[in-house]
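Presented as structure tokens, the chain that follows is alone, the form predicted alone.
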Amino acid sequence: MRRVLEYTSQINSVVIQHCEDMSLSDKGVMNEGYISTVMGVKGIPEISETAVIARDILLTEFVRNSRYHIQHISCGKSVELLRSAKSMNLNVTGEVCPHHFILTDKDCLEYDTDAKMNPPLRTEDDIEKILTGLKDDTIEVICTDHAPHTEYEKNQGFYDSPFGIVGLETAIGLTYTYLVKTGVISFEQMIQKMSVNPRRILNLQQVNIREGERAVFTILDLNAKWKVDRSKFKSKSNNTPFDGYEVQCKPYCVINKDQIYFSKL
């Protein structure tokens, strides 16, 4: 990792890390804790995530001009480590997915494979710390960790089914409903975290809305209330734990490559 940071620092590139020490996660299938004990399944301890983050932050501090991004944060301790790195003015950023600020390991109680993901759903205490990190902009990006799997794959049982859920169709509605409507972040912060900041971190040109520019944006109906219906998804699969959730703020259409695509969610 030191060498990776050294090489990427020379070209102003960012290292994007799925933070997992697999010798510690050790083939676990959900968060290690009370719920995994009740269910009798092997857990993934938070240290498998936080140990890697702590190590890499120290390496980022050591390697001058390096840039490091933490993918799909699931632990409250990870937020604290990120906040500490920012206080030292290190080039460290982080992201979180809607399922990690909405759901907990209790959603696995019925051995629902749509609640099986990596990193796993954690606890209510982790959610509280993640929400604080979103509110104070410690966490700069909201992502999806979009992971489509077929119904056949997800029906293999809790141990044998693959990790992951789809997140593209539900990202806007869940983020607006659980963060903006509840006052955790403003609508402007939502746009920053879902559009502006990701492009900045990846060194991509920002989208400009003005005459002469190619139109690449999504139009939202902020007042539209809708129910998540997996049968209407356009992804290659529909593995989601949010089927039936009532949300607000609906994508109305997407404008891209001189075409307009209207939502049927």
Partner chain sequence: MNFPDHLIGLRYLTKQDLDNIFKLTEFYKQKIVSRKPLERILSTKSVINLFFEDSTRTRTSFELAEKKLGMDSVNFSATGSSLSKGESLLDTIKNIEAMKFDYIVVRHSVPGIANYMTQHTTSRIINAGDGTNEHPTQGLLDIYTLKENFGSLKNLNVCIVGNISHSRVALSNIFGLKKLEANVSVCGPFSFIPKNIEGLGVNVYTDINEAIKKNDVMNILRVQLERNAGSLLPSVNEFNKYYGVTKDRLKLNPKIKILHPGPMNINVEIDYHTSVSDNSLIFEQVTNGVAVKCALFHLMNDKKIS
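Note that the structure is predicted; figures quoted are calculated from it, not measured. Numbering follows the first chain given and starts at 1.
Below: the form predicted together with the partner chain, not depicted.
Taking non-hydrogen atoms only, Y34 approaches the partner chain to within 4.5 angstroms in the predicted complex. In the predicted complex, V38 approaches the partner chain with a heavy atom inside 4.5 Å. When the partner chain is considered in the predicted complex, S84 lies well away from it, no heavy atom lying within 4.5 Å.
In the predicted complex, none of the heavy atoms of L168 sits within 4.5 Å of a heavy atom of the partner chain. Site residues W226, Y252 and F262 are none of them in contact with the partner chain in the predicted complex, judged by any heavy atom within 4.5 Å. Here the chain stands alone, but in the predicted complex its contact with the partner chain, taken as any heavy atom within 4.5 Å, falls in 110 to 118 among 91 to 99, 191 to 199, 110 to 118, 131 to 139. Y159 is the sole member of Y159, F163, Y178, F187 with a non-hydrogen atom lying within 4.5 angstroms of the partner chain in the predicted complex.
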